[in-house]
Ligand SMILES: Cc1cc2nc3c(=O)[nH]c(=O)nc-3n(C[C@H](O)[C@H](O)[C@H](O)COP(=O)(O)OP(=O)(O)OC[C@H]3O[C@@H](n4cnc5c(N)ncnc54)[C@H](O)[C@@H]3O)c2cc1C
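Single chain ahead, by itself, as structure tokens, in the form predicted alone.
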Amino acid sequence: MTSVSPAAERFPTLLSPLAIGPVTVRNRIVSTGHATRLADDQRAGPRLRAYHRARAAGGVGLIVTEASFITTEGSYSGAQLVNTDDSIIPSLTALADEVHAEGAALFGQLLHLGLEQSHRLDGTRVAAPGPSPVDSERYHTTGRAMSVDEIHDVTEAFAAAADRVRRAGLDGVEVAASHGYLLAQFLSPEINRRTDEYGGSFDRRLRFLVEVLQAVRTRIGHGLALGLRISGDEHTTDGLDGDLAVEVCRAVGALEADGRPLLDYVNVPIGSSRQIAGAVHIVSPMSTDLAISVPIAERISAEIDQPVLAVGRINHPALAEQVLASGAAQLVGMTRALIVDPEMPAKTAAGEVDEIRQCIACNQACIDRFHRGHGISCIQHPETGRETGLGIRRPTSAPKRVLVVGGGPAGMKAACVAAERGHTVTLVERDRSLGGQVRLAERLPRRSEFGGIIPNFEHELARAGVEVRLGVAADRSLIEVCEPDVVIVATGATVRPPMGELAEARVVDAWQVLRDEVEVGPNVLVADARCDWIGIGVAEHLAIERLGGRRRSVTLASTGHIAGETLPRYVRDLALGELHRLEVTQIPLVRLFGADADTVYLQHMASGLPVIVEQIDTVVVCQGHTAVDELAHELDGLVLGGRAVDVHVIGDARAPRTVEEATLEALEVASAI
């Protein structure tokens, strides 16, 4: 009698293989196509290959490459894949070989942006092609209508790119008609205003997509899988809604080629690049629902025979199994779950679910780094995107006694990495719990998941064998008693005192508000000098909180062009929408100058002129933080037992910034000692 592993019993569908046309994947977990900015000279170089190989080695069933552009239009960075000639084939072959060596399947995604692009590789504005001369609301570009000959040329470009994927040795091709890009634009009756054979009726608007899929299938044959990526709902005023997406999938799902299905699977995200309300769902932040595309994926799954891939904040194996067991989908995209923990599938199969580092959907170092022009990473796992260097955990040949002071993200990460390398590590934290400022951040509206960082690191600390001592305030005398070889100071930061002439005003700081240490009156101004989560979050918190059954009047005055200017754009845009709904007044480009009993005096940062806000009873200052670095200065030149103690200062204790910098510096220091 064959025994069944506990993991197989708990996740019977998730861990089971699935045939996707001619390709059988070992489990239902997919790393979906996502931009990384890790390509080198528009090819799959060492960084991108190492990134995908790490996830293949971690047990993922299927990897879909990031979109490769099938024409030079839309090529805006050297750190993206461009599939326009045979020079890409060797790098794709190398990528396929590395992914296959670890047991995963690899599909190549093909894309044309159409109207949704802003500039070319040289920085000049692009003449964006589309079905009709419709402008891009998000990129502020003027579109132009493609000629029929151009449509045929693009169809051939898709087919030629697919053939290169085949010759490179990949297992399948995914055609992207999602997120409001070119093929989706032709499907929309609002964007496609043509009157020729490619516009008008549903069948004519569908024609371009069908011709592309047929051309691709002709080139790759039935030896490779062919998939379609289409947004189940674009959440825009001019794109695909759920009904239209279902109609499209039903139509193309029924098509055949040589007596076999034309398509082998359908990938169903939601959202669109075309408008802000839709764009936030391209990489949905923590303030959105889990498994966000599952309802529309279920509708599509009921209409077609091919496997359906559901995506969108499916961040844990238990949730993934629930989606699959319900029949809503047959595959699950768990891309960010794999960014934060490449070994998530293997841990699941091994029954080590409690050891999984769970994604909190902060968007801070993944999509935000991409938007800022850098390779993606993760605030909890900065090894992501750095697999060729910091991603390699090298055991130490000279174990040392390491004392980490501070139990915030920087200290926890440093302690974990140092212990994993073989050092004896003790972490001391003056509070009775770990987490540092994370415990404040999780109190902000719709940010409770941010606190997930803490249990994730607590599991890692225990697994690495770190001794954790809580309620211990470290000073020089304690360190002399401990006699460490290395001290890592991660003592964080404290709130910066208010600046300006505020003697007669009622002034409180953001930390006091979040800790419920102060009372805030009915008319409040939030003075935000950092344009980060704190100002925008405190303003929302105060606007939500009611006093005597009525809502506060809240004004958010910020030094940025917009509030939340430094935030990941999808996080910021959702927050701005919520502030508008809550009727929070926003004043951009102003600094706090002073305040008296009922009036706040601001100064416009461009004109220098005063901006006066009256009838304010409370000022909440969000003016940044000050490093808690006294211990670092105390330890300067410390010698114990005739040897100098190696002292490192990381995170906010070095200079107040974000969790991303804190954990990266922790990784760098702990990897070097």
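Quick caveat: nothing in here was measured; it's all calculated off a predicted structure. Heads up: residue numbers just count along the shown sequence, starting at 1.
Unshown form predicted together with the ligand; subsequent notes refer to it.
Judged by heavy atoms within 4.5 Å of the ligand in the predicted bound form, the contact stretch among the candidates 408-416, 180-188, 294-302, 123-131 is 408-416.
When you look in the predicted bound form, the only residue of L514, I89, A277, L579 with a non-hydrogen atom within 4.5 Å of the ligand is L514. Residue in contact with the ligand in the predicted bound form (any heavy atom within 4.5 Å), chosen from L228, A563, A474, A543: A474. Using a 4.5 angstroms limit between non-hydrogen atoms, D431 touches the ligand in the predicted bound form.
Of the heavy atoms in F450, some are within 4.5 Å of the ligand in the predicted bound form. At the 4.5 Å threshold, heavy atoms of V584 stay clear of the ligand in the predicted bound form, well away from it. Residue contact with the ligand in the predicted bound form: V659 places a heavy atom within 4.5 Å of it. At a distance of at most 4.5 angstroms from the ligand in the predicted bound form, none of the three residues E66, S273 and F370 contributes a non-hydrogen atom. Shown without its partner, the chain has V428, E429, R430, D431, G435, G436, Q437, V438, L440, A441, L444, R447, F450 in segment 417-455 as residues with a non-hydrogen atom within 4.5 angstroms of the ligand in the predicted bound form.
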